[in-house]
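First comes one chain, alone, set out as structure tokens in the form predicted alone.
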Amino acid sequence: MTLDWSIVWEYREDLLHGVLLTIALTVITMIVAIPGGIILAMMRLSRSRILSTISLCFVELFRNLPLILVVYWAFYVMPIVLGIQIAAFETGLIALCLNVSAYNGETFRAGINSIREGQVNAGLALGMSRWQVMREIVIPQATRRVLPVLASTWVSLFKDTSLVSVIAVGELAHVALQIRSQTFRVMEMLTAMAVIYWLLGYPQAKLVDWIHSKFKVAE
């Protein structure tokens, strides 16, 4: 078998474009899914049974569906239901946001619930309002507790963006597979794709390890 690694350099601009699109998908998804997760968590913890039930149904639906199924559903079903055609990139972004928001909602809820009730009661006893207790006691501690989990979610999301390639979103996986089909250089392109993902993912994984060590909460 003769390998031709020059094919990677020849298509470097296409691969770079795919990398940038992968990063864009990850960043935009987290920008949307973090506040989305906070809203879902607050709804779930609300005294309103309606809001709590809506949040519960949303989280349990999208947290228990395979992401690739959500991608297909968003691409093929949503346009029929809504009566509008959505571009592949936006469709993939919607699917990722729905999935990650559900996970973030549970992450934030667990972080808030991990704060001992005694601290909340102590704040209230000192004359603080519930909003002041939430802002000055609960949120700072909850943020420290959920940050390592959010960092891990980021790394997982970075790799999961490759699933949107099935609807022709031109991120790294889709570009590499297109080049493979055009050049018949299967070994070279799949290896290049793996190396690029590893080079991008490894520093992120080490950063997550540092965050876990730095912000670890010991009871």
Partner chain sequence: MTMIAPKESGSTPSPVLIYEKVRKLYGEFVALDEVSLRVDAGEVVCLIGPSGSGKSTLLRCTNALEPISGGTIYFDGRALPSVDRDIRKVRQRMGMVFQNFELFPHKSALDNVAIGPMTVLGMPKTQARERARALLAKVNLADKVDSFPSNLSGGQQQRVAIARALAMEPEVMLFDEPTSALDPETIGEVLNVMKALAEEGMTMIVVTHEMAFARRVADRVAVFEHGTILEHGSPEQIFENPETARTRDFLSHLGWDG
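Positions refer to the first chain, counted from 1. Just so it is clear, the model here is predicted, and its values are computed rather than measured.
Not pictured, yet referred to below: the form predicted together with the partner chain.
Legend entry - Stretch from 121-129, 103-111, 67-75, 90-98 whose residues place a heavy atom within 4.5 Å of the partner chain in the predicted complex: Of the options given, it is 121-129.
Inset, instruction - Please run the contact check for I137 against the partner chain in the predicted complex: heavy atoms, 4.5 angstroms, yes or no? - result: Yes.
Inset, instruction - Verify the contact flag for T143: yes if a non-hydrogen atom of it lies within 4.5 Å of a non-hydrogen atom of the partner chain in the predicted complex, no if not. - result: T143: no, not in contact with the partner chain in the predicted complex.
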